[in-house]
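Single chain ahead, written as structure tokens, the form predicted on its own.
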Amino acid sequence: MTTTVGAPTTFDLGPAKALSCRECGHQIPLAPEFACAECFGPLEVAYSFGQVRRADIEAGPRSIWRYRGLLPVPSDVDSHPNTQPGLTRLVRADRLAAALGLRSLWVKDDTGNPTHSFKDRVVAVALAAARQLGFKVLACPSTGNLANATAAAAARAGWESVVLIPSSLEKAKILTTAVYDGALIAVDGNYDDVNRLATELAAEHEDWAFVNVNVRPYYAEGSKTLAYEIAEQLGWRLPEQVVVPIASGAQLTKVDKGFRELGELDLVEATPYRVFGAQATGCSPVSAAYKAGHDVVQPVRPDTIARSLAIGAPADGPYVLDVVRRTNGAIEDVTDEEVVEGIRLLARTEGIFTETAGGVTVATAKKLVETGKLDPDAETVLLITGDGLKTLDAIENHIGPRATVPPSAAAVHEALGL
């Protein structure tokens, strides 16, 4: 797995035309690069879109590939074996809305993806790009959900995988990665330690596509599909408010990019919307920077049950601040106790069991309403990005049977107070 990539000189990545620096604007041809050679700023995909019509999207596959004309993937992307993520439910959440004090609320439930998190979206795009760029191995550093998605996508494609995780990761996420029989390596350290190791390995192994390192510009674009689906499922219109959990921050910035692209292409009316960010207090560097009025994010050492959001040095932190301020949103953080209550509140009102990241989103929405930052009369969407079965340890000491009784109706009646 250490051979040099035999990459072609030109790449079929659909409407993608170049990589552009997010800081200085310098552009380079499409390549497996993630940092600008001029200023070391991060690169992202720049496009030359052709005509994209609603009818063509609606007639497309029932997966993220219906939006292939808006992504850095070839037009025949669905002809290769892949996990076909996307087109997950947008749930009208009236009972949760009443509990939070909101007039109109939707939950984008991404627990229905192949490995039960939104990471299937970004990995599918990364794999499609990596195939075009000549890579042979799919790899990643991960806090859990990305590990699941990468290992599964590689198995489906017939690729080898190398997945690096913190050794303290939840047992469920370790098992649901190991089952795909790729190379799973546990590292003594937190996610930021694991990420640094992945960057070193990416430089040493030229045929390893680290989805969130050397092919990160393509990978990150997969999060735009959340925005596309929300707009399509709302009848081709934008919501007024959206609450997004923050780990690296890429998801929040790409949801904003997706909304803006839809407006620029006249697929929706470019109505105003506000973007809100959600973090756990035990790992809230972006929230702290927002509240302090800073433009840079000071790294922290994570200490929270919301491990899928436990990135102490978020790469997209400054860009999250830009998006939130430009759209007149806000960023808030919540305690671990509030996270658990957020999980339970969503479950008992809407029958959706979310992992800790979703508990962060729900609890943050509650706090934003209570502090007057979230408009209770505006149509709002909450992003629920992962399944609660992945983080059972977060709630195991908080819930259980109401009673244990002998097998008799009288005993049940007594337990129920009837």
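Numbering starts at 1 and runs along the sequence shown. What you see is a predicted model; the values in this text were computed from it and never measured. C-alpha atoms forming the largest set that superposes within 1.5 Å between two forms make up the rigid core.
Just so it is clear, the following notes concern the form predicted in complex with another copy of the chain, a form of the same protein that is not shown.
Residue-level contacts in the predicted complex: of L265, A231, A155, A97, one residue has a heavy atom within 4.5 Å of another copy of the chain, and it is A155. Out of the listed residues G351, P29, G50, G372, G351 is the one that sits within 4.5 Å of another copy of the chain in the predicted complex by at least one heavy atom. Screening 242 to 250, 125 to 133, 108 to 116, 323 to 331 for residues having heavy atoms within 4.5 Å of another copy of the chain in the predicted complex returns a single hit, 108 to 116. Candidate site formed by R62, T83 and S408: every one of these residues places a non-hydrogen atom within 4.5 angstroms of another copy of the chain in the predicted complex.
Taking the partner from the other structure, another copy of the chain in the predicted complex has no heavy atom within 4.5 Å of any heavy atom of L102. In the predicted complex, none of the heavy atoms of R301 sits within 4.5 Å of a heavy atom of another copy of the chain. The closest non-hydrogen atom of V162 lies within 4.5 Å of another copy of the chain in the predicted complex.
Under a 4.5 angstroms non-hydrogen atom cutoff, another copy of the chain in the predicted complex has S167 among its neighbouring residues. Annotation for 91 to 111: interface residues with another copy of the chain in the predicted complex are V91, R92, A93, R95, T111 [heavy atom within 4.5 Å]. Comparing the forms between this form and the one not shown, the C-alpha position of F118 differs by less than 2 angstroms, with the core used for superposition. In the core-superposed comparison between this form and the one not shown, the C-alpha atom of Y191 has shifted by at least 2 angstroms.
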